[in-house]
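Form predicted on its own, single chain, as structure tokens, below.
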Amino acid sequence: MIASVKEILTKAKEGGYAVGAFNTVNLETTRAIVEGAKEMRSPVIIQITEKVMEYSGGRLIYNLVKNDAEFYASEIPIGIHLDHGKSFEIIQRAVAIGFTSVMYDGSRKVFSDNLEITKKVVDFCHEKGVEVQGELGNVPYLGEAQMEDIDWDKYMTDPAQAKNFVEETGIDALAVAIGNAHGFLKERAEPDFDRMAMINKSCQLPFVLHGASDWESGRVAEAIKNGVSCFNVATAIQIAFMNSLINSVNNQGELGFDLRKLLGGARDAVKETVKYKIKIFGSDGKA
């Protein structure tokens, strides 16, 4: 069933666990996320990026996720969320399509501009009943930063700014930066959990950690203890999908060129990854 992302995150924060926000790109990854959540009896968030909307067609991919959640997982809370919307225009487009939860990513802007545009997004979205995740600090990608010698203090969320940002914008969730990184960029040797604790003390709302594909039990538990209610997972899904597909093509045998079998195997690999992450995040059985 379609559920409020804010409600899913709030219940996780109150319950001392986190939920997975898994990025989908197509039918197979969508089905894998929904089936994994069903089997684990876990609430889940399915995310769609700007680039996926361009690739698949915004209305098509949104309604594919919506229909899957409504028809095949009526007993599981599933939120649908726009991930990394980087302009007011893409937020407007997503809301027109039907998204009830969006992320405005102004993290590459100076603080004053990020605050100003995030507040504009919140005012627009809240008037339409749409929830908003903002981001403060910067979770870098490979290509934006080099693998070595990153000055993480320039990237991580400032606790003092966070309080002001949350209060001034009225966001429903905050994406934080504590040394985490997107994709294959090497993260900070140790996440700055002291910084996370300070943010958690001053800001009473759910926190989201991007770039969490490679986070395991120890770090996850420490992050949850310090207020993180959601971990975003994209790279791990892509790796599982591609590894399965490559192995199937290289050893196709009786699979031949039956796309249903090739893609079905990739779907199953993603589902197992989703189930593994749900277990680590502690949301299994919480639906």
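The numbering used is simple: start at 1 and walk along the sequence shown. Because the structure is predicted, anything quoted here is derived from the model rather than measured.
Another form exists, predicted in complex with a small molecule; not displayed. Remarks below refer to it.
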Review point. Quick one: is residue 65 in contact with the small molecule in the model of the complex, heavy atoms, 4.5 Å cut-off?
Key: no
Check your understanding: Looking at the partner-bound form in the model of the complex, is residue 26 within 4.5 Å of the small molecule by any heavy atom?
Key -> no
Practice item. Verify the contact flag for residue 84: yes if a non-hydrogen atom of it lies within 4.5 Å of a non-hydrogen atom of the small molecule in the model of the complex, no if not. Key: yes
Check your understanding: Wondering, does residue 232 line up within 4.5 Å of the small molecule in the model of the complex on heavy atoms?
Key -> yes
Exercise for review: Please name which of the stretches 152 to 160, 120 to 128, 210 to 218, 93 to 101 has residues with heavy atoms lying within 4.5 Å of the small molecule in the model of the complex.
Suggested key: 210 to 218
**Study point:** 174, 181, 203, 196 - the one with a heavy atom within 4.5 Å of the small molecule in the model of the complex
**Key:** 181
Check your understanding: Considering 42, 244, 47, 30, which brings a non-hydrogen atom within 4.5 Å of the small molecule in the model of the complex?
Key -> 47
